[in-house]
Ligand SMILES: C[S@@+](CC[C@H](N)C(=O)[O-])C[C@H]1O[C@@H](n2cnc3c(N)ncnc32)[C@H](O)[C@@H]1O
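One chain follows as structure tokens, the form predicted on its own.
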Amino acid sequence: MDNSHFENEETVKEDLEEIKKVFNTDSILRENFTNSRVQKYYKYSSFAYSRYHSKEGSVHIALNYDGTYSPEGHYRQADEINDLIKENSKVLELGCGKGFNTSRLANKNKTSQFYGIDISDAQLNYARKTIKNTTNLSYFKRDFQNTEFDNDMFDIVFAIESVCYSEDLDGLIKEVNRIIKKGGKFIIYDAFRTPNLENRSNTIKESVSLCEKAMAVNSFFPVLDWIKTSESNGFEVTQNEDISLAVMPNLKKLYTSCKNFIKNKFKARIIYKIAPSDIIKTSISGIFMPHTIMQKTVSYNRIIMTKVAESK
């Protein structure tokens, strides 16, 4: 299956019709995700991530720039961030999940100190179990908008597919500005809504919203809003690169698995009724995410920002 499969709106319609035979999509679209609801999502979807996505603990999409899926791509984001870390740095990950990225970076940079925050007890418990012999890494249960760290503490703050869960973009950017040193880097890998979405059909808009809700995200930030808010709060955007094609190999792999799951409608409906719904609803995002990328309504961006001034 090549990428062109997802460029046709008729294919989106067909997948939407199939999903509606299994799920109550109206109910899914009405759901609102608070912090406690996101915690529940990660508690119950952990099995699906481990079984169908990454046994090593990655909860983000692999980057495969050569167009062929490889599990090694799950390490790519951390390895690219590693290239920006200097000796004796202090580095924070927002939404550290199971510690997949911070543990790798801490082991590569013994002179630097690493911190991770997350709101999910289940994920933090997993992360803490994996770092018993790592002395330069600590995890805390804290929120993006109130990290509780000192002013001007970090040389680098990074977030991999986690800031999309924030409901206060301005507050998030202000908090990162507060805790990061002048000249420090804020690095983001995440999905963003593109300006193309505004003029698309209701079918395309519904597919994007269902994709977001199935991952416990109320709405991806519009990329232009992210840039504007960051620049108005003391950051210079030094890199904003659309690397969407690099995530497509992993997304196509997930698409195939999710399509196979809903193929047997009767079985899928039974499982949906008896299993925690968050495990099953992830199949919706698995089906729609490659569509959103190739329809160019959502992009996967690497954004690097430098603090040049205090936030206003």
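Being a predicted model, the structure only gives us computed values, none of them experimental. All residue numbers are counted from 1 along the displayed sequence.
What comes next is about the form predicted in complex with the ligand, which is not displayed.
Chemist: Within 4.5 Å of the ligand in the predicted complex, do 123, 144 and 161 each have at least one heavy atom?
Modeler: All of them do, each having a heavy atom within 4.5 Å of the partner.
Chemist: Okay, which stretch from 94-102, 238-246, 219-227, 80-88 lines the ligand in the predicted complex, with non-hydrogen atoms inside 4.5 Å?
Modeler: That would be stretch 94-102.
Chemist: 264, 70, 256, 35: which sits within 4.5 Å of the ligand in the predicted complex by any heavy atom?
Modeler: Of the listed residues, the single hit is 35.
Chemist: Just give me the single entry in 169, 131, 119, 197 that has a non-hydrogen atom within 4.5 angstroms of the ligand in the predicted complex.
Modeler: Contact residue from the list: 119.
Chemist: Closest heavy atom of residue 58 to the ligand in the predicted complex, within 4.5 Å or not?
Modeler: Yes, residue 58 is a contact residue.
Chemist: Residue 165 near the ligand in the predicted complex, any heavy atom under 4.5 Å?
Modeler: Contact with the ligand, yes.
Chemist: Could you pull out the residues of 1-31 that have any heavy atom within 4.5 Å of the ligand in the predicted complex?
Modeler: Nothing in the stretch sits within 4.5 Å of the partner.
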